[in-house]
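First, one chain by itself in structure tokens, the form predicted on its own.
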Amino acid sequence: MPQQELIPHLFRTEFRKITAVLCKTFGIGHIEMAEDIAGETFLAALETWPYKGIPPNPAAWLYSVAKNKATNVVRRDNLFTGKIMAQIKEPADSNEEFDIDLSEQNITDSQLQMLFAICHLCIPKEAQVGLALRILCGFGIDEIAHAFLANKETINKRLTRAREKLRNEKIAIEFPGEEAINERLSTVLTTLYLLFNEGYYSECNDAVLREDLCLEAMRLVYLLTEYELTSRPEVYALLALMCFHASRFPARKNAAGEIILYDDQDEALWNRELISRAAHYLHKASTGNTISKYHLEASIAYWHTHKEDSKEKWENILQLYNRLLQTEYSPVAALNRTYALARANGKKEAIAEAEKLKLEDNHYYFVLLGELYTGINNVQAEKHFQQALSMAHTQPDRQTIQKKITMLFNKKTASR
């Protein structure tokens, strides 16, 4: 791999490992210091490798530099007292290396333990996702701001407040007991679900799909399936949901980066191996007596991997949406349920249901109404598409809506 690609790649894969282990070692009160040490480690690589060449084992080089920098911090600062000093023994010999356990097992454990610490109920959901992106996924402040459509100053303040809250609450970076896991696992899964959605329904002006966000969420959910106390049906259901969606990534956008809607996707581009893996995880999720929203959404996603336009398919999807709305109502699920209703029972019934929703602050609502009125009342359809176009946040969304308006215009012209 060329040097200009290697360091960004290692930053994405190793920054999170170094930061998680250092956070666990130093404690929750020193998250920023852990991030600084990890950042300085990569700065050293940027300054050294162009002149001395890439080391034989780049990751080991990074770990060695991180250990040295951590040792220097421990020697220089007098911040480590009480519990921290009991955990970290300052080297008696000035040449002795500060010991950080960067074994594969400790790296995995540290990431999971940080995940449970970050997802403590004392900080808000957006801050949880932001810290997960920063600490566990290696995203920079610019990238996090981009993902949230916010400026850097807002993100910095949000993360600073979250770190301070975790510090003040003295949240431990450790595996919670079974009772605490029961209390916090729902929040952890919600955070990872939101993280995946940030990528899958990207609000960035230059992207309709952020695969890096999605893959990071999938990686963290997979780690949960590997840990005995969190290897639970709802975790497998969430992983199945993500895999079903990820299987259609190659077909979801064209060469110009524009979104390709489901009906227009090339089924040959779907990843059948990932679909098979998703089905396996969904089967593993079928134990127990509880059906979570992730079970229902994964089952809906399963039916979307069957491209044939059969009544059975859409009736199954409609019934799953009915159960989903009973389990946990959301405007997005209500909109999607109305589309399934149109495919199962016809557009007229769906229009009546859609207009009851009155989601007039959501441009997808007007896109749906435009779709439903197309072929029934094209003038009304165009009106709704124009409203959606005026409200759309991103260029890809605007392009997709404009194409629908153009198609309506072409039909109108052809019928004259």
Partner chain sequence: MNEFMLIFRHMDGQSVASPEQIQVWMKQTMDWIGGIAAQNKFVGGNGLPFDNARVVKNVHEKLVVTNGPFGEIKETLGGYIIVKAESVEEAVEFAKGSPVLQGEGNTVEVRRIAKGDGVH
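Please read all numbers here as calculations on a predicted model, not as lab measurements. Numbering follows the first chain given and starts at 1.
What comes next is about the form predicted together with the partner chain, which does not appear here.
Checklist entry - Just one of N271, N345, T71, N156 has a heavy atom within 4.5 Å of the partner chain in the model of the complex. Which one? => result Among N271, N345, T71, N156, a heavy atom within 4.5 Å of the partner chain in the model of the complex occurs only for N345.
Next on the checklist: Within 4.5 Å, heavy atoms only, which of E40, E382, E353, E32 is in contact with the partner chain in the model of the complex?
Outcome noted: In short, E353.
Item to check | Listed range touching the partner chain, judged in the model of the complex by heavy atoms within 4.5 Å, from 181-189, 211-219, 317-325, 274-282 | outcome: Among the candidates, contact is made by 317-325.
Next on the checklist: On the criterion of a non-hydrogen atom at 4.5 angstroms or closer, are A301, W303 and K313 all touching the partner chain in the model of the complex?
Outcome noted: So, no: the whole triplet misses the partner chain.
Next on the checklist: I'd like to check something about R337: if you look in the model of the complex, is any of its heavy atoms closer than or equal to 4.5 Å to a heavy atom of the partner chain?
Outcome noted: It does: once the partner chain is placed as it appears in the model of the complex, R337 has a heavy atom within 4.5 Å of it.
Next on the checklist: Within 4.5 Å, heavy atoms only: does V65 come near the partner chain in the model of the complex?
Outcome noted: Outside the cut-off, so no.
Item to check | Y201 within 4.5 Å of the partner chain in the model of the complex, heavy atoms | outcome: Close contact is absent here: in the model of the complex, Y201 is far from the partner chain, nothing within 4.5 Å, heavy atoms only.
Item to check | Exercise: Y329 in contact with the partner chain in the model of the complex, heavy atom 4.5 Å | outcome: Output for Y329 is yes: heavy atoms within 4.5 Å of the partner chain.
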